[in-house]
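This document starts with one chain, in the form predicted alone, laid out as structure tokens.
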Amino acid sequence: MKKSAATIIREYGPFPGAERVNGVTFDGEHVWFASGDRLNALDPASGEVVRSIEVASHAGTAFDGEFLYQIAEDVIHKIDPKTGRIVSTIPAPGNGGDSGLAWAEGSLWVGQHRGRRIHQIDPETGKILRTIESNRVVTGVTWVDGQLWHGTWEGDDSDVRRIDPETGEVLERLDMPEGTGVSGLESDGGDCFFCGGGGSGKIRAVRRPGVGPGPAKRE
């Protein structure tokens, strides 16, 4: 297993009216983050929140190229980001113990916090298609370039790790600074991860190993 210290490229927040960052996702332009009672669209270049949608948002967030998906207690809402309307709702597999959420290969991937596992589910029905076991608490979940990564956070220890999607074996680990937790995780599709910071109210851009410099900053 490769192990290294996480490189934090940039910090965003805290944001007015958002005491927590639960889930995070990226639509190619904005970082959407869940703050409990709404979804917020962050411009990663300016660091400004440019829009919000009023919706329950207690854990993971995902984007399928058209729709947002948001864990709210024990269900997952499918949301039209253009209108803010909930299009459909499916049961979440953890019955309220769900954490991270990602979209890949036509499926939703749902982290189980204390269950230490990740479920691949049918986005139309919520049916569990397969399960990947982890050896740590699972917070955020993301796929990038065929790699499955998830966040962990136990006590003051937190990391972002790449696991084998077949066996759950840990292949690579990025250790966050002590006291810096990862509550949600999303790749930008390139050189960085966006990591939710839980009760800190912050989002941190962390460099993905082996790729470039991270998001540009616009003054």
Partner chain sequence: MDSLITAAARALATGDALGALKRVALRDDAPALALRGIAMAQLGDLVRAKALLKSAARAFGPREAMARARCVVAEAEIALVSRDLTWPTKALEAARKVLEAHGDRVNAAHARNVELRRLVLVGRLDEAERALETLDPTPLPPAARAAHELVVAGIAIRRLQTKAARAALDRARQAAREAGMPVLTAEVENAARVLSAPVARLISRWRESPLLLEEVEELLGSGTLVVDACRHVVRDDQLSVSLATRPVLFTLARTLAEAWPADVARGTLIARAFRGKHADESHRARLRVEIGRLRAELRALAEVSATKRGFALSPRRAGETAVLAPLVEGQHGAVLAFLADGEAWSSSALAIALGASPRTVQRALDSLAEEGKVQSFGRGRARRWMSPPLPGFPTILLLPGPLPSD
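Treat the numbers as computed from the prediction; the structure is a model and nothing was measured. Positions refer to the first chain, counted from 1.
Keep in mind that the form predicted together with its partner chain is missing from the display, and what follows is about it.
- Although the partner is absent here, residue 74 is a contact residue: one of its heavy atoms lies within 4.5 angstroms of its partner chain in the model of the complex.
- Taking non-hydrogen atoms only, residue 95 approaches its partner chain to within 4.5 angstroms in the model of the complex.
- Taking non-hydrogen atoms only, residue 207 never approaches its partner chain to within 4.5 angstroms in the model of the complex.
- At the 4.5 Å threshold, heavy atoms of residue 127 stay clear of its partner chain in the model of the complex, well away from it.
- With the partner left out here, its partner chain still marks one of 33-41, 186-194, 46-54, 162-170 in the model of the complex; by a 4.5 Å heavy atom cut-off that stretch is 33-41.
- Relative to its partner chain in the model of the complex, residues 20, 136 and 154 are all within 4.5 Å by at least one heavy atom.
- For the partner-free chain shown, nothing in 1-18 comes within 4.5 angstroms of its partner chain in the model of the complex, judged by any non-hydrogen atom.
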